[in-house]
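Single chain ahead, written as structure tokens, the form predicted alone.
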């Protein structure tokens, strides 16, 4: 099987539907220290559809506000910078991920719902493990598998060979992908993230979420812990979430990597955690439905 070039694969990004430009602009503004709430509100209001989506999400059960939020200015003030940022990326991610990816046996909506589930799980684990900003884990979980939307066609054409390799050589799906195609969806996702000018912390999540053992030693401990938490959330999403594809159970949970960042999954840790995550599934469903309704506006 001849291997394709990474440039050929990345070229498929141009064929994807255009991402919401106002949302992208807002996400970039939020990386700048000079941006204030008034400037953000002014830009968000330029796009009625984006405004509607922000307000729908604000008023969903997932955020649990005691009163209805009715204006963008109010939403920006109440949400705070970090939560607003993860909400903006949620809107961007839906446009990018809510599509069928047959190469991974993912029907329309599967990858989007699976990503949203991993995001909510990662944020919960991040709160449990006292990350400085669990919202970054949310966004990382949301975008971790964006490489699949580009690599899916190549995986579909070679799935039998990839699966056979995982069985024959007892390696995970990511390594088999790379052996057969020449690249895996984490490498491709990294290039997509760079092409979209996503922040370096999200690029690192996408690149390393399957293999935290390969995290660069120069990473700050908090970032290394956050990426390892997304790794844990990813594994548990495949076990108890929805929308996992044909590769979902062909990855390994790296308990040593978790131990290195202070998370000991021995004993009843996983059993208790899984119980907490299953309780979050109705919230995830509500969040997804809010986005679906907003997308129709």
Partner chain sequence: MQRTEQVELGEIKASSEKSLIFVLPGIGTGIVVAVYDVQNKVGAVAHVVLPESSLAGPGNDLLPAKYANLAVPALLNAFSEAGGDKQSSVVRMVGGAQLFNFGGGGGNMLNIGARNATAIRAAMSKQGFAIEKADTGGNKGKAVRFVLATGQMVICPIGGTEYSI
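From a predicted model like this one, the values you see are computed outputs, not experimental measurements. Numbering follows the first chain given and starts at 1.
Below: the form predicted in complex with the partner chain, not depicted.
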* Asked: Among 22 to 30, 238 to 246, 36 to 44, 57 to 65, which stretch sits within 4.5 Å of the partner chain in the predicted complex, heavy atoms only?
  -> 238 to 246
* Even though the partner chain is not shown here, does residue 69 get within 4.5 Å of it in the predicted complex, heavy atoms only? -> no
* **Residue contact check: residue 285 to the partner chain in the predicted complex, 4.5 Å heavy atom** => yes
* Asked: With the partner left out of view, is residue 274 within 4.5 angstroms of the partner chain in the predicted complex by any non-hydrogen atom?
  -> yes
* Is there a heavy atom of residue 172 lying 4.5 Å or less from a heavy atom of the partner chain in the predicted complex? -> yes
* **Residues in 247 to 281 with any heavy atom within 4.5 Å of the partner chain in the predicted complex** => 249, 250, 251, 252, 253, 254, 255, 256, 265, 266, 268, 270, 271, 272, 274, 275, 276, 278, 279, 281
